[in-house]
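Just one chain is shown here, as structure tokens, and it is the form predicted alone.
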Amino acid sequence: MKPTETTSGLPSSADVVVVGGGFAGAAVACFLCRKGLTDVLVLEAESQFGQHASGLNAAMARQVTADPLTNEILSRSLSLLTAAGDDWPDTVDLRPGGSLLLTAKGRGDGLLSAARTAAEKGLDCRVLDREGAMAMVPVLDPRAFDRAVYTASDGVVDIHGLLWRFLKTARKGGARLVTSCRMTGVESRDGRVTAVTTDRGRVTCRVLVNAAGAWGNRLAALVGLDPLAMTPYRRHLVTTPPLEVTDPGWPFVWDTTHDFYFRPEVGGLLLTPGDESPMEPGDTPRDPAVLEILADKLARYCPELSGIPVARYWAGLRTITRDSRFAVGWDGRMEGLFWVAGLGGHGMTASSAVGEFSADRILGNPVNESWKKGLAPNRLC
């Protein structure tokens, strides 16, 4: 099946209906099928899967944040992504160049602590001084940071290969994949989801998985529920033409104090100015003012990259919860509604572990209790 193809029509019923064909929804469908549930229907509103956030991200797999629970999920996910197995239809390319997270004195204590905890649990992660970081990426300005966290197994992922691994596995396991199908309503009875209605027909179901990304709260409104405390934010990405100053062997660099990052990309760089503007879901317009923001940050904090040319730039949405943790679990207000939302820019990296965890919860299998509690959607009501 090509990305633009659709199945013919809708079934009248499905055990589980997954709304959203990006990383979150595709991963849930994939792991449900891997675990033996075949009656799964994935509904994607656009004409192709992964058209929005899942296809517009920087493809950087990062395993260390300031939150240890999130780090557990990210590391588990990367181990699933790189695991070999005959039951996967495709391997996924991961270019393990590593990551370098910069932090200024007194500003990154949570990140440094989480990095040390991750290292104690076996992750190849260590804290570097300025000299150690600059030995890896000589264009860094030592005045802009104090220490850096280096994680060797982080890298750049083939995002389209990963998305289609999920979708192909789901389809092979029996799931039906439908594009160009927009939700129009959700039916319930006695406090439980019973069916979804779309512009292409009605489907009864036992479980509705809300993996609609930036549209997650709009789907909640169709159920008659108040929104969760999460907001879609616009962020821009910028690429340059080939540059003499860059080295394809660099790790990706994230200045967590001044909030910008860059990584090697086809002889040049891919960068973000770290902009974050609340925005309604939809096609995301570009704002040329972000190029000035990026130029200013480079001039201030990485002057060896000051004045680099821009080849192209685009914008996508990241949906971030009130406490920056994911919302993954059953909705306590409506039986049968399962949230996979608020992945906050970690959707690509987290998708494998989130898909596995979600499938186990939907199937009633044992799960990590700290994940279950920490990701509970109702904390955001």
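From 1 onward, residues are counted along the sequence shown. This structure is a prediction, so every number in the text was calculated from the model and none was measured.
There is another form of this protein, the form predicted together with a small molecule, and it is not shown here; the text below is about that form.
L237 is the sole member of L237, V139, M136, V223 with a non-hydrogen atom lying within 4.5 angstroms of the small molecule in the model of the complex. Checking L128, M183, V92, L298 for any heavy atom within 4.5 Å of the small molecule in the model of the complex turns up a single hit: M183. Interface membership of L32, defined by any non-hydrogen atom within 4.5 Å of the small molecule in the model of the complex, is ruled out. Interface membership of E44, defined by any non-hydrogen atom within 4.5 Å of the small molecule in the model of the complex, is confirmed. With a 4.5 Å cutoff on heavy atoms, A353 does not count as touching the small molecule in the model of the complex; it lies far away. The small molecule in the model of the complex comes within 4.5 Å of a heavy atom belonging to L343. You can rule out all but one of 330-338, 33-41, 64-72, 316-324: in the model of the complex, only 316-324 has residues with a heavy atom within 4.5 Å of the small molecule. Using a 4.5 Å heavy atom cutoff, F23, L219 and Y261 all lie near the small molecule in the model of the complex.
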